[in-house]
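For this one, two forms of the same chain are given in structure tokens, first as structure 1 and then as structure 2.
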Structure 1
Amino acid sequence: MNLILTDISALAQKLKNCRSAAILTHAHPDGDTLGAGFGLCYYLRSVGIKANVLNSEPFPEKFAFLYKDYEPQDFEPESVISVDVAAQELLGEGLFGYADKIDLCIDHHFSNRMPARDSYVDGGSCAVCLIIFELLKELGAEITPRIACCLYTGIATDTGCFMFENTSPEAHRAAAALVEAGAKASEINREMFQVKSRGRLFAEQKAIGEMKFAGGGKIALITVTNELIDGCGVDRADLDGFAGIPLTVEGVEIGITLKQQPEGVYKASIRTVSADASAIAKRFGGGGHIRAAGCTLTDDREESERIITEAAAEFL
């Protein structure tokens, strides 16, 4: 039976009945899926329940502070729990064997469509780490400094360090409690938000140097070509957040970022202050949200830039 839990106490009850758990995190993991995974794992282990955190690939170096001193345990899990995984295919190839074996899905995506025996999906929560924080409070759990670091990381990263619209009063209150419980917030913030690789910095610098404007300065466009990526020696995985750059320019209302794919086509990311980004993306067979959407353009650079800028101009 597929049960939708809507109450944190029902979720807490599920956890109390758990005897051992494999905790699944999504592919290309971010601070929220890993923070929630390790935070939950450390809690379960602290109350004598065997638990491991799994990902399709090795855990990224960037998040090493979350899994310092973590060692996988050897056991056959009774429960499979997914955190921050909105759909089966987001598990990645390495975990696909678990896709139809999930006992408990904990998520915060409105769009969640993961089949699981039980699901707790709070689309209004800014981070799964915030859900885990509330769960641990409900369980009367001790939040150790290690758990606090994990949960703080997810809340901070999913809210852009409390900058984005999704930052709720609850997120701030949880952060306050987690800092008091020992989360090393300023170190985590530096690592997550301030430090960039040289390649990333120079790729940004080059892309900004070639930024194009249209619509009287209300449209800004940057293009990240394969040549630029190779020239800066930057890892593609290290290009997250580029889509936000054009909209940081004063007066810009529609920001467009074209990122060339290894096979040559351009993936376009559209970000807007108030225009309907998904409507622009739809023109080219894409889609998304009202302020953030994407599509793929198969023309060459010049033509791709021209057609998407023209389409955007109609939405000013």
Structure 2
Amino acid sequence: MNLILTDISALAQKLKNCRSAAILTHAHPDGDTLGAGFGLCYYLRSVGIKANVLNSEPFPEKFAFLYKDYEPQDFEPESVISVDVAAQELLGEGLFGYADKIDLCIDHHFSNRMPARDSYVDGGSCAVCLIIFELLKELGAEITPRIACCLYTGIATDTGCFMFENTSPEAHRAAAALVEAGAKASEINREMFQVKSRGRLFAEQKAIGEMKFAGGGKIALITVTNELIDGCGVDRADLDGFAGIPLTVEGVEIGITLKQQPEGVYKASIRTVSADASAIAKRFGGGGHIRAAGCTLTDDREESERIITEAAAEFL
């Protein structure tokens, strides 16, 4: 039976009943899924509950400050919790064995379709880390500097350093409280939004040089191929944030980034000013938020660029 939890107190009660947990994060992890995963993990461990954070891939070096000194614990989890995972396939191949064993799903995507036993989905929240922050407040938990850094990272990255439309007053208040609790905001913001590897800069230069426009200049699209990634010597995890590049062009209302995966398909990230990004993504079996969504395209580059651009043009 799938139970939808509608208030934070019900979610808190689920955590109180937890004895040990495997916390699942989505493939190609970002700051929100890892920040929520490790923030929740450190809290559970602080109250004597065994917990591990799992991902299909090695944790990206970019987020090493979140898992410094983290060591997996040896236990058989009684509970499986997913954070920031809107659908089973987003777990990735390495965690797909957990796909039908999830006891609790905590997410902020309106399009969530995870078949968990219990789900808490707040589509109005800018980040799952904001949900975890509210959850810990409800539990009366001590937010240590380590937890604060984790939760601040997720809120900052999912709001584009508080510049995206989803940035709410609650996000600002939570960020202030987390800084007061010890989050190193300036260091995190620099690491997440300013520092780039040489490979990343070369990849940006190449992708921007091949940017395409449609819809009278209101749609911008960049494509990141496996060839480009290999040629620039850039780590895939270092490409986080590419999705925001097309929308930085003056006059663009829909920005699309196609990122080729090792198996050849293209992951499309859609960012918009006023159009419904989730509706565009839904055309191709994807989903997400109103201003930020994604989907997978299985055609070759030329065809993928054509169909996603034509679909986007209908929403101008």
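Start at 1 and count along the sequence of structure 1; that gives the residue numbers used here. From a predicted model like this one, the values you see are computed outputs, not experimental measurements. In this text, rigid core is short for the largest set of C-alphas that superpose within 1.5 Å between two forms.
Peer 1: Form predicted alone, is that 1 or 2?
Peer 2: That would be structure 2.
Peer 1: Fill in the domain rotation here: degrees turned by the smaller rigid part against the larger between structure 1 and structure 2.
Peer 2: In whole degrees, the smaller rigid segment turns 20.
Peer 1: Keeping the rigid core fixed, work out how far the Cα of residue 234 travels between structure 1 and structure 2, to one decimal in Å.
Peer 2: Displacement of the C-alpha, rigid core superposed: 2.9 Å.
Peer 1: Where the core is superposed, what shift in Å does the CA of residue 309 undergo between structure 1 and structure 2?
Peer 2: On core superposition, this C-alpha lies 8.0 Å from its counterpart.
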